[in-house]
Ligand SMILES: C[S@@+](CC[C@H](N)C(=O)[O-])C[C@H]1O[C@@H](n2cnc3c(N)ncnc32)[C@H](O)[C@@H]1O
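Coming up is one lone chain in structure tokens, specifically the form predicted alone.
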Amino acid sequence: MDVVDFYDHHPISAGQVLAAVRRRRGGLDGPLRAEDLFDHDQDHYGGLAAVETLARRAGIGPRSRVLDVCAGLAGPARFLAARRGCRVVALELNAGRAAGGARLTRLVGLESRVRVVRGDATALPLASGRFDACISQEALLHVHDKAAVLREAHRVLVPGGRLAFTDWVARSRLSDGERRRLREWMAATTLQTLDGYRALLGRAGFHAVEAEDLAAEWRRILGDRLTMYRAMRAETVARLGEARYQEYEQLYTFFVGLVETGKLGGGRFTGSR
């Protein structure tokens, strides 16, 4: 499965986010605020606290120009713009998710601070030296040429700019068969290790590189995510069909098992240009 197809059939969409907000508010009458979406539009591990941690690691403040690579529905971009007052370019390859991110951004009135751009992370359609900070969350597993993404991030940052991102990482016990299933089922084209990412960041030109092991933290989160997906069964079946729902649940159960048995982990990485 390629990454575009994977996210075309992902259970979390702009429509699903708005449906969740509608249920909570009893409708969508009246203006929406970015805060109304935060419980539903953060499609990554660790929620708002994880975005805050990346913001601190990247030194993001009110005057920062920020690039969010593989931004999905742009939930973190809206959070940073709303809470930190910065301006964010949210880069996303999948057309549906880019359109959904732009729609949600317009609905909460943040289009002057968050600009959604459709593009390829390995060849950013952006000028060099344009950003003070670059972030990404659990996205580079979908990109085969991770070195190209890191080189591009280095190119678009100003001198002294900071990169901070999280991603899934492979452990030594992850078998070739399990890697193949991850690639076929969830477009995990390649999985790096913690040390592998350190080396890639250095070769891309970053210094003061740090790599933090998030396996224990993410292991606690995964069970809650699986419960959440199962609670979304009715709307997922209505949108994508029973077969797709069953396929996704099977995938996620397999994924959780890899983490619980120590074959798959997570990492947070930072570096300076």
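Owing to the predicted nature of the structure, the values given are computational and were not obtained by experimental measurement. Throughout, we count residues from 1 along the sequence that is shown.
Another form exists, predicted together with this ligand; not displayed. Remarks below refer to it.
> At 4.5 Å by heavy atoms, is each residue in Y7, D43 and E92 next to this ligand in the model of the complex?
Result yes, every residue of the spot touches this ligand.
> Can you tell me whether P76 touches this ligand? I mean in the model of the complex, with a 4.5 angstroms heavy atom cut-off.
Because a heavy atom of P76 falls inside 4.5 Å of this ligand in the model of the complex, the answer is yes.
> Is L200 one of the residues lying within 4.5 Å of this ligand in the model of the complex, judged by heavy atom distances?
No, L200 stays farther than 4.5 Å from this ligand in the model of the complex.
> Verify the contact flag for A133: yes if a non-hydrogen atom of it lies within 4.5 Å of a non-hydrogen atom of this ligand in the model of the complex, no if not.
No - in the model of the complex, heavy atoms of A133 and this ligand never come within 4.5 Å of each other.
> Could you confirm whether G119 comes within 4.5 Å of this ligand in the model of the complex, counting heavy atoms only?
Yes, G119 is a contact residue.
> Can you pick out, from L214, C70, A204, A58, the residue that has a heavy atom within 4.5 Å of this ligand in the model of the complex?
Looking at the other structure, the residue within range turns out to be C70.
> If the cut-off is 4.5 angstroms on heavy atoms, which of these, A81, L107, V156, A139, is the one near this ligand in the model of the complex?
The residue in contact is A139.
> With this ligand left out here, work out from 232 to 240, 22 to 30, 35 to 43, 59 to 67 which stretch has heavy atoms within 4.5 Å of it in the model of the complex.
Only one stretch qualifies here: 35 to 43.
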